[in-house]
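Coming up is one lone chain in structure tokens, specifically the form predicted alone.
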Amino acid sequence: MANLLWLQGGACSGNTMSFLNAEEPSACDLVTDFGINVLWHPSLGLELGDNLRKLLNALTSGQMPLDIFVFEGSVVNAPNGTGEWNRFAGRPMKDWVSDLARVAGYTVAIGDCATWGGIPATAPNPSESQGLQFLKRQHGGYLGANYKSKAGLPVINVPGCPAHPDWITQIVVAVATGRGGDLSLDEFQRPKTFFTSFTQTGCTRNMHFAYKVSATEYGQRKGCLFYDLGCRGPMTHSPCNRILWNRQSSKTRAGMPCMGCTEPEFPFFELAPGTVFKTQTLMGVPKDLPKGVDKSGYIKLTAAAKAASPAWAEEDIFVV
């Protein structure tokens, strides 16, 4: 039986809500089918006060093994590096993070805040937030670039705002059942099984993207959201259109642009006015282009696509 501890730093609890809605496997399946012992979770734990501190001290001292340490939310260092703005069980949360990560078999960062710092780390970053092993694209974060868990792996990053429920539980099951060594991680320590393809993969609007037919308003069933409405699907690594949310849909399928929330730069452009839900362009060319596409190639491609666009590409062909 694998012992799992889940703590939360500077966060909105969105990843906890996502986790509790998981289906394949569910949070209950982790316990009943995979034998995971959830020692404590902010929404599920029963221990409080002295009893909680006793549990945490048993883990940090090695008296009780900690197989999986899951952290949600940013590591808050304010004010002035003390971490006093985020206290937990009698001390700054960042101190618990240091001690628990040191003894953990695996350390898993869930959500953007824990992976890259997320929204709390947006400039000017008054909370002095960091991710566990990254601050945006900068490798290091709170635990440092050289950190390795007892299993010999760096922090396993499962980003998203929030992360998809099944990304969370499937990674937890993998490490709990002895398959952590089989995980292949990308340059940002994301599991490649989820974060190699792009959000655009499986998007129902790919034909509109190909013919440069743009959506003009949110919720519209026709048109691509990339050209005008700020969709980052072609540049964002995630399986959101392969592993659907609630087994039903995704943002782009519902007519809302992908915000790129699995990438280290999220939120993009530091949430400057006029940058959200609006494609940033320079002389009509998007500043950020799909991977492998340069500006001259984009201009040639879109010109040809627009010229070849069939009449039906402008129609709402979805009847359901």
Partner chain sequence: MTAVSDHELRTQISTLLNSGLVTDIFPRADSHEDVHKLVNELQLAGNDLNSKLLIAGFTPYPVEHGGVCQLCETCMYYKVHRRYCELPELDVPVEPHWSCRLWRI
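Quantities reported herein were computed from a predicted structural model and do not represent experimental measurements. Numbering follows the first chain given and starts at 1.
Not pictured, yet referred to below: the form predicted in complex with the partner chain.
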Contacting member of N51, S43, T32, Q280, with respect to the partner chain in the model of the complex [4.5 Å, heavy atom]: Q280
With the partner chain left out of view, which of R87, R102, K222, H139 would have a heavy atom within 4.5 Å of it in the model of the complex? K222
So, W167, Q189 and I243: all three within 4.5 Å of the partner chain in the model of the complex by heavy atoms, or not? no
Would A254 show up as a contact with the partner chain in the model of the complex if we use heavy atoms at 4.5 Å? no
Report yes if any heavy atom of V285 sits within 4.5 Å of a heavy atom of the partner chain in the model of the complex; otherwise report no. yes
Quick one: does N21 come within 4.5 Å of the partner chain in the model of the complex, counting heavy atoms only? no
Just checking whether G274 would be counted as a contact of the partner chain in the model of the complex - the rule being heavy atoms within 4.5 angstroms. yes
Given that the partner is absent here, state which listed stretch (227 to 235, 90 to 98, 178 to 186, 142 to 150) has heavy atoms within 4.5 Å of the partner chain in the model of the complex. 227 to 235
